[in-house]
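The chain below stands alone and is given in structure tokens; this is the form predicted alone.
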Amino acid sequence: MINKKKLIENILNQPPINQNTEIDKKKTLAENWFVNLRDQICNDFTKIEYNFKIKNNNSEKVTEVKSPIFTQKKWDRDGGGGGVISIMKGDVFEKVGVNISTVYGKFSDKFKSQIPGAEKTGDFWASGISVVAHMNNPFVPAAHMNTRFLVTGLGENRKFWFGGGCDLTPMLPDKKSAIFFHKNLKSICDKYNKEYYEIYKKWCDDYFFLPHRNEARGVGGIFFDYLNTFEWDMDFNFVKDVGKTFLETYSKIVDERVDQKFNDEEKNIQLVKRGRYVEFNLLYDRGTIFGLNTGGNPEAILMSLPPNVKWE
């Protein structure tokens, strides 16, 4: 049975890396994939936004409809590395951010003890992608996805693993989207390991929970960390499939709900629900904690926050 303790033990018991170039090639492959996935997501979300604008344009001149775009902002990290923030705001996506980053350097003395393989020197390298979508229509769920590759330590004693996952947060009751989302995630998990789905689903349910509210943030998904089966290509393919499955599944969920009419009361429910999203990301989210503890860009780290929110 897979559990967190066993996964960390696997990381710490990784055999020495005989050739330093081996891990460097893996880092390059992972970093390039995150850039590629970013481009796929931005292209597909732009098409959804553009098609909605065309469909709802009262003018007969389609040329009058401006194509939506993701605006990009590059940032550099003082300690090493940096990333690119991509943001789009429109009629479908009230705000969607797709961030990629590759950062490296040393963890603080306080933080390095919490990361496998970094305890002695504090050295790390991390690359990943993070996606957060907040929608105009309260009938379209919000969504989050991130995947990452981490390397810690130095020389032949370096440790490495994958992490990530994705989850769905309907603003209004929507069993159909939850069933569809989980069905596709289970399918991709089962392709690699029959244990993955139930374990990663529970991990997600436990993670995306607000103790002070005693409630889940949404309907869950999958969440995993410390993934290293000693078959790097297989682990990497799983991470790639998580990203592709998220994009295909979420795009279909959006398409099927974007035209649904809503009223002020339903919009208000959405804004209040978003408050829970903000509370989780500021209080408990590991990505936020990791970013702030490694000198990341605050704008990129807090990209996950919605543009409009309400507490009652």
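Quick caveat, the model's predicted, so the values are computed rather than measured. A residue's number is simply how far along the shown sequence it sits, counting from 1.
Here the subject shifts to the form predicted in complex with another copy of the chain, a form of this protein not shown in this document.
S.K.: Of these, 212, 73, 120, 191, which has a heavy atom no more than 4.5 Å from another copy of the chain in the predicted bound form?
M.R.: Going through each option in turn, the one that passes is 212.
S.K.: Using heavy atoms only and a 4.5 Å cut-off, determine which of 217, 144, 95, 148 is in contact with another copy of the chain in the predicted bound form.
M.R.: Exactly one residue meets the criterion: 95.
S.K.: I'd like to know whether residue 278 contacts another copy of the chain in the predicted bound form, with contact meaning heavy atoms within 4.5 angstroms.
M.R.: Because a heavy atom of residue 278 falls inside 4.5 Å of another copy of the chain in the predicted bound form, the answer is yes.
S.K.: Does the 4.5 Å heavy atom contact test between residue 5 and another copy of the chain in the predicted bound form come out positive?
M.R.: Contact check for residue 5: no, nothing within 4.5 Å of another copy of the chain in the predicted bound form.
S.K.: Is the gap between residue 292 and another copy of the chain in the predicted bound form 4.5 Å or less for some heavy atom pair?
M.R.: Because a heavy atom of residue 292 falls inside 4.5 Å of another copy of the chain in the predicted bound form, the answer is yes.
S.K.: Is residue 11 a contact residue for another copy of the chain in the predicted bound form, using a 4.5 Å heavy atom cut-off?
M.R.: No, residue 11 sits far enough from another copy of the chain in the predicted bound form that none of its heavy atoms falls within 4.5 Å.
S.K.: Honest question, do 283, 302 and 310 all end up within 4.5 Å of another copy of the chain in the predicted bound form by heavy atom distance?
M.R.: Checked in the predicted bound form: all three residues contact another copy of the chain.
S.K.: Which one of these stretches, 159 to 167, 87 to 95, 238 to 246, 124 to 132, sits within 4.5 Å of another copy of the chain in the predicted bound form when only heavy atoms are counted?
M.R.: In short, 87 to 95.
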